[in-house]
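Presented below, as structure tokens, is a lone chain in the form predicted on its own.
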Amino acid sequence: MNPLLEKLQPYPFEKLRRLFADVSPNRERRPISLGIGEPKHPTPAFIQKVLADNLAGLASYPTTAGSDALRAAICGWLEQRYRLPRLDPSCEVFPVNGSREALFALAQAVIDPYAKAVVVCPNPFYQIYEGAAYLAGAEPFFANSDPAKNFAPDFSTVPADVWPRVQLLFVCTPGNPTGAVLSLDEWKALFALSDKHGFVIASDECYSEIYFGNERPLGALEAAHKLGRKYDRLITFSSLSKRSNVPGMRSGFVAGDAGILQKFLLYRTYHGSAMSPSIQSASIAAWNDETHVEENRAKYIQKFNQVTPMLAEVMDVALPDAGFYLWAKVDKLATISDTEFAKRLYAEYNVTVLPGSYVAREAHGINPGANRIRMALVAEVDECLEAAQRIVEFTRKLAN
């Protein structure tokens, strides 16, 4: 077996399963889960219809690069969404089977395993970044989030002697779990470091279409364009899962540096990562429509505007920049760890939340997820409100 597999930690939900192993939840209350970031809004009917109407595509082997029509639709969406100059659909974009598999695969393609490479990751983080680093033969270096920056990672804390070994830097903007969006100044600093040291930036932007004000989250390609740059050593990842409520379609894309994408496409040809033609047809319809995205966003705005003030009465929590998570500190009214909070809340109120320490690592003397919880407001409004009411009741009981 590959010895690097021994470096992988259990996924957060496996840790949660173990935490709850000896717990019998309160059966007088129906179960509500805010633990997993899986969209629960209905899949738009028009996407389902296009998928059903194109099942004949199952009879054909797909190409790894995807169809001309799908690449053109993705380019059109990127150009409109981020106000970009025309992208070349032949070399600056191609589809992937969800951003998760592509984020993992990119690390395997770009990292030299013999160079004692470092992969910089935000902390807290999406655990795929860490696993991708280890299995590519690299070591992760964690940049802790900064509460003063609405929990954006502070990449300035990476020591000067680490940067020359960095081959890949993962960015998640809007962030999971914090919802933080990188600013143009932060992008400018990262681009300067990439120019100096030659590392690739992988920008995970799968939450970009869930936001709460008039200002849309800044994207990596957009930042590069605003700064008068090309897309050198920059790859952005996006997905239909959250935007269009189709996590089961596993449909996303990568875009950016054409030279890197050419080599990445070669890797993926051997890896067998082509998207089904049926899924491609449904994806074209989804990328070409914004009405369902606006309706989806309105639901999240309604939930967050109602739930956040309720929870703010009993815990340290505020509206994030974007995304569908609340990142809350649980020891405002009583001294309690995030794991104990999650365990007791499940036992007494049958509400599942994810301990913040499960999505972070001990780094530089602290675990930035300690005494925090991640709540995914993915269900419909009424269910999220009921969960919030239970959490408020539970937290107030802790203080008595």
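Residue indices: 1-based, along the sequence shown. In this text, all values refer to a predicted model and were calculated from it rather than measured experimentally.
FYI, the form predicted together with a small molecule isn't displayed, but the following is about it.
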Among the candidates Gly98, Pro217, Pro140, Pro89, the residue which, in the model of the complex, approaches the small molecule to within 4.5 Å (heavy atoms):
Gly98
Could you check which residue among Arg268, Arg250, Arg243, Arg81 gets a heavy atom within 4.5 Å of the small molecule in the model of the complex?
Arg250
Tell me which stretch of 283-291, 270-278, 126-134, 226-234 has a heavy atom within 4.5 angstroms of the small molecule in the model of the complex.
126-134
May I ask you to check whether Glu209 falls inside a 4.5 Å heavy atom distance of the small molecule in the model of the complex?
no
Would Ser145 count as a contact of the small molecule in the model of the complex, using a 4.5 angstroms cut-off between non-hydrogen atoms?
no
Quick one: is Ala107 in contact with the small molecule in the model of the complex, heavy atoms, 4.5 Å cut-off?
no
Give a yes/no on whether Pro44 approaches the small molecule to within 4.5 Å in the model of the complex, heavy atoms considered.
no
Check for me: heavy atom within 4.5 Å of the small molecule in the model of the complex, for each of Gly179, Tyr300 and Val378, yes or no.
no
